[in-house]
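Next comes just one chain, in structure tokens: the form predicted on its own.
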Amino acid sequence: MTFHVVALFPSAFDSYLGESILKRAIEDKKVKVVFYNPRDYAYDKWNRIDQKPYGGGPGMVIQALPVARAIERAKKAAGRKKAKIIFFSPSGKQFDTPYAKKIAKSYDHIICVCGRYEGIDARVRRMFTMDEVSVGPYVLTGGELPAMIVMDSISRQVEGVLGNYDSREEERIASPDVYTRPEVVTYKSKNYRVPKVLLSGHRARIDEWKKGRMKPRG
């Protein structure tokens, strides 16, 4: 699985990709991440990639051509293999696990387009076939965090990325409440115990308890 990331601030990914599961996946060549900075595809001598928005308003808008050139470079790197382009937008389709599973099954190359400032010139979305995706009902400073979320979720669907492929919570009965040793934790003179059913060894009852914990609370 190769992620091609179009982003103005690729160093923002360093910490997350340099730790834990994704780091190991990259080292084991299960996942590859390649960055394309639109500044490298600017067409003036100052490498400028932003301009004031037409129609007025605050902030700056990222120009279309540097982003388009970066996407073209990513598509070229993918070769003849079909690539899915994901454009992050607060008004896009809500990202979820079924979408991650579908993309992981259908594509080996994923191009993530990360905006900044007031966004990317809308004409880019007319130049390419792409999915507009949102990671939640809120607005973020840029597309880097959404890209990390998408990369993490999709990478989990790639066999060999997790130590045990069956450990994916989305493929088994998994409670949001988990416990480990010791059986009794004492904090400020109060004892906190593991639910008895988890100590019973009765798999059917344990699964039923987990299903109950998965229900909406409140």
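So that there is no doubt, residue numbering starts at 1 and follows the sequence shown. Just so it is clear, the structure is predicted and the values come from calculations on it, not from any experiment.
Below: the form predicted together with a small molecule, not depicted.
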**Prompt:** So in the model of the complex, does Arg116 come within 4.5 Å of the small molecule, heavy atom to heavy atom?
**Reply:** yes
**Asked** Any chance Gly136 has a heavy atom within 4.5 Å of the small molecule in the model of the complex?
**Response** yes
**Prompt:** Quick one: is Thr141 in contact with the small molecule in the model of the complex, heavy atoms, 4.5 Å cut-off?
**Reply:** yes
